[in-house]
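First comes one chain, alone, set out as structure tokens in the form predicted alone.
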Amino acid sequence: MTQRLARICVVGAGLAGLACALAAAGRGLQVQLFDEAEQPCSAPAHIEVVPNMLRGLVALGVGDECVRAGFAYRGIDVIDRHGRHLHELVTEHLAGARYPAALGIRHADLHQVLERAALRRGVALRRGSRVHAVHEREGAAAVELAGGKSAPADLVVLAAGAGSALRAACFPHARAASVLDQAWWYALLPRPVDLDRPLVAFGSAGQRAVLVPVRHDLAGIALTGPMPVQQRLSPAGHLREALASFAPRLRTLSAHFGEGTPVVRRTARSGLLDLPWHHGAVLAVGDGAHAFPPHFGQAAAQAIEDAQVLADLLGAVPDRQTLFEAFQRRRAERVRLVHDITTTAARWDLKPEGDADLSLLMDRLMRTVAQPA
């Protein structure tokens, strides 16, 4: 039975959910976006809007707002633990001549850009609304909310993350994403006056820091290293101590991290949802379909690509099953290739290999994402 698409429910108001809600509303569909949190996420962190991600944001109609909110750059410098310049990673122009190659932006600012755009296009955002089940009968679906309420939907876009209970309920045979022996620490700090593009710096064994300008007065730092056997320090204390093993340019930043400095720690995960990424009326997107390590900014970039492809298909296909099949054709192999590249980068961090070459891996990634999804 074919199901004409008119009513869309999106579960999860993170990056993937906001972008998919925006994509569906841009096609004139009735969209409800549910999120169990009462307030939007405001992590003290940055997002690298890499070239393929910026191209996707432009396609969704928010490219200009993102450029105004962030810090545009081209190229990435790589240095060793002594401060010696190793090489430059190239960032290609993929979003068109009007736009920079890439940009850094605060996590909260990007979410605000997407949320404002979604609301302008008529998305009904329901915060404090936990979806705990999706029911389907004779082709008609509904999301069931805590408290007994429900909302009808022709398509349910699941953007609640790889660890959500709803993902486990909708895809009961799905394997959990692998937890890597690697943690990432994120924070914001004043932008060093000489930082006009990202800096990748290597520290002691398995440690790497990425410093990214996000505004004229602000930068974001991401530090990765092996998962501590015992967490004896606060996140800020760990970041401060770890920077001591880096080049002086990074070491001086430790003064910004007192015990009250907001720092978020995340565990790296890796895994793909077994095909198909749909079940009944539900389509999994974002981390729920593909959990990436944070390397090369592709976790966020692939979530935006999901939304971009969804926008294309909602304007071109007549029914849900056709959309599911077309979405999988356009996304599955591309996502697998990007997942292999980012997981290789994570493995090299944890256990450096003799032939490990970050620039070659970056070149392979750019060849993979050069064409639109």
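The model shown is predicted, which means the values in this text are computed figures rather than measured ones. The first residue of the sequence shown is number 1, and the count goes up from there.
The same protein has a further form, the form predicted together with a small molecule, not shown here; the description that follows concerns it.
Participant: Assess the spot marked by 26, 155 and 281: is the small molecule within 4.5 Å of a heavy atom from every one of these residues in the predicted bound form?
Facilitator: No: no residue has a heavy atom within 4.5 Å of the partner.
Participant: Would you please decide whether residue 16 lies within 4.5 angstroms of the small molecule in the predicted bound form, comparing each non-hydrogen atom pair?
Facilitator: Flag for residue 16 set to yes.
Participant: Could you tell me if residue 37 has a non-hydrogen atom within 4.5 Å of the small molecule in the predicted bound form?
Facilitator: Taking the distances in the predicted bound form, the answer for residue 37 is yes, it comes within 4.5 Å of the small molecule.
Participant: Wondering, does residue 58 line up within 4.5 Å of the small molecule in the predicted bound form on heavy atoms?
Facilitator: Heavy-atom contact with the small molecule at 4.5 Å: absent for residue 58.
Participant: Does residue 95 make contact with the small molecule in the predicted bound form, using a 4.5 Å heavy atom cut-off?
Facilitator: No, residue 95 sits far enough from the small molecule in the predicted bound form that none of its heavy atoms falls within 4.5 Å.
Participant: Taking 4.5 angstroms as the heavy atom distance cut-off, pick the stretch from 237 to 245, 75 to 83, 251 to 259, 284 to 292 that is near the small molecule in the predicted bound form.
Facilitator: Every other range fails; the passing one is 284 to 292.
Participant: Among 91, 270, 182, 129, which has at least one heavy atom within 4.5 Å of the small molecule in the predicted bound form?
Facilitator: Filtering the options by heavy-atom distance leaves 129.
Participant: Of 323, 45, 335, 345, which one comes within 4.5 Å of the small molecule in the predicted bound form, counting heavy atoms only?
Facilitator: Exactly one listed residue reaches within 4.5 Å, namely 45.
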